[in-house]
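Look below for two forms of one protein chain, each set out as structure tokens: first structure 1, then structure 2.
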Structure 1
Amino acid sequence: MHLPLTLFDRIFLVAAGKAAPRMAATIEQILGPLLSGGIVVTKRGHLSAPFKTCHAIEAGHPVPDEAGLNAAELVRDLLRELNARDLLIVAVSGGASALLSAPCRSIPLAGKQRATSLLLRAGASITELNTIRKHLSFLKGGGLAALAYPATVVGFLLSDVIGDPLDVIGSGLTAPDPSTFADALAILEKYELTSQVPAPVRDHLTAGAAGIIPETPKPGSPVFANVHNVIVGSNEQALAAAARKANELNYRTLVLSSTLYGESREVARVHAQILRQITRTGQPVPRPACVLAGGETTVTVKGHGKGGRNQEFALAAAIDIAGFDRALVLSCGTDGTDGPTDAAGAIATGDTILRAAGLGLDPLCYLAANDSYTFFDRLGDLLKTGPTGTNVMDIHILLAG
């Protein structure tokens, strides 16, 4: 894609997500005086340096709040001003969906929140949840691109979604939405929630299905004629960069997958057994070996401990690699946050369990309690990076030195 900036009278920026400050600062730096204005919305505590041109807002995440609502209104006001000789850059990263909370006027924020939590508890998939969300929001599901029309839109997407689907990253602010109001209603019916969701939510979806409210813009819609989406960062790219570094450090390197998902401890055990194979047989790659993988696992919480999916991954791996010589498993969130903790993840080595025993810590008890943070905190083996300014899911690193 090549777009000469001279085509445009003005350039604006909307940046939303955990990585918004860093993305916006870079864009400000590159464009300098060419940037006419913009709005940066990020998670509370993620702002540091002030912006030259953009207006910056901190809002609630993962639970949307009033600040996010106000940010969405400001974005709408900005989009309404755009014309065919404007360029809008949209920098999207993980968290954008919650941070730019834009419920349609008739739906109170609490109603949208209640619908979301009912669906989550009923076991709805993230795709199903997004279908509902897109049809309750005026920015999601391509709504932002539609409002920006007829301006040219360039979406820079930092993908925190497995497989990098454009319509799911940030709930598809700049992407066509293949799902419909009818799909959204069918999902409520599937989980028998039609009568349980707040009336404004049900009424809105029903009105949409009846054609009274316009659908989200679909693939092929003219509003996307001048929309260009680019994945500027992904788990795949993070793994490739890690692989280059590992090669520089003389490791023999293997990338397994950038799309792993599933129950964290189970995925961890597969990794630990691959590390075991390396230490025993030199397969699938001989020492000094570095095996890289990424994606986003989940934790079925059964205990009352403190932790995150990466710390739990490291704890499960630690148990399986106990006693291994020169073996290490690192699991961390690339955004620097793992679950509701101040750690990005944790590091397990062949002597983690022995050292834990020395402190009287039973790893199985901590795993059963989902208390991986406390376990690694006691050992001093948490990985704490602070906000990293990016967000491309998690990475898992296996080393056999």
Structure 2
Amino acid sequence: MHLPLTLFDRIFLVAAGKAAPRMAATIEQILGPLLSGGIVVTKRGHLSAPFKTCHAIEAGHPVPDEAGLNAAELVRDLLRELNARDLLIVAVSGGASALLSAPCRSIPLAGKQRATSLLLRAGASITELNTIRKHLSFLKGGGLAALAYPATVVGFLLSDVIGDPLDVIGSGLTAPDPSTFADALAILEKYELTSQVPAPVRDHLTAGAAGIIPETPKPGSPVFANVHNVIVGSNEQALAAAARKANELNYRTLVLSSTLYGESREVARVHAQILRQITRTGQPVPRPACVLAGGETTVTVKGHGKGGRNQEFALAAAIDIAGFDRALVLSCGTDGTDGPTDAAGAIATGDTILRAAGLGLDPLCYLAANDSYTFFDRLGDLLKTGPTGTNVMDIHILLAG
């Protein structure tokens, strides 16, 4: 893709997501005075420095809040100003779906918050969650591109979604939406949430499925004629970089997959068995071994504890590698935050369970309560990085010395 900047009278920027500040700062530095203005929306605590040209906002994640609603209105106001001689750069990273909260007018913010919370607790995948988000919003599911038309739109997408589907990253702000209102209703039924979501949410989706409310813009729509989307970062690239570093440290390295999904504790147990096999037999890779995997698991929350999918992964793995010498599991979110906590993830070793017993901690009880944060906090084994400035899903590292 090559677009001479001389084709445009003005250049604007909309950046949304956990990596939005770093992406926006880079774009602002490259364009300098050519940038006419912009809006940067990120998670609370992720802003580190002021911008010269852009207006920056911190908002709620993963449950949307009033600040995200106000940010979405500012973005809509900016889009209304655009014409065919304008270029809009859209920098999207994980978290954009929640941070740019733009519920349709028939849905109060509280309704969207409740629906989001129910889906998260039920263990819905990011694709399922974003299918519903796209059909409750005027920006998602290609809505932003539709409002920007006829301006030229370039989307720089930092993927936090398995397989890097353009319509799911950030709920597809600049991409055609193949999903439907009927798909959204089916997801509610799958998780038995149809009667639990607020009536305005259910009524809106039902009206859309009946054809009373227009569908999101679909592939082939003319609003995407001037849209160009580029994947600039992904989990696969992060794993490749980690593998290179492990090789430098003289580990024998194996990348399993960048497309992991499923219940976190169950996926963790499979990884623990791989690590046990390596320590016993040197298969599928001899020691010293580094096995890498990535993706995005989910947690079906049944307890009332504190944690995230990576901390739960580490706790489940710790139980299964108990007693194995020189075995380590690290599970972390690349954005630096795992669930609603200040930790990126946690570290488990072969002696984690023994050390926990010395403190009177029962790992099975903590796992049942979804309280992995408290468990690892007591042990001092939480990984706390702070905001990393990126977001390409999760990384799991298995080491056998």
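Basically, rigid core = biggest C-alpha set you can superpose within 1.5 Å across the two forms. When a residue number appears, read it as a position in the sequence of structure 1, where counting begins at 1. Being a predicted model, the structure only gives us computed values, none of them experimental.
Shown as structure 1 is the form predicted together with a further copy of the same chain, with the alternative form given as structure 2. Relative to the superposed rigid core, Gln196 undergoes a CA displacement of at least 2 Å between structures 1 and 2.
Ile107: CA moves 2 Å or more between structures 1 and 2 after rigid-core fitting. Relative to the superposed core, Leu292 undergoes a C-alpha shift smaller than 2 Å between structures 1 and 2. Relative displacement of the Ala122 Cα between structures 1 and 2 on rigid core alignment is 8.0 Å.
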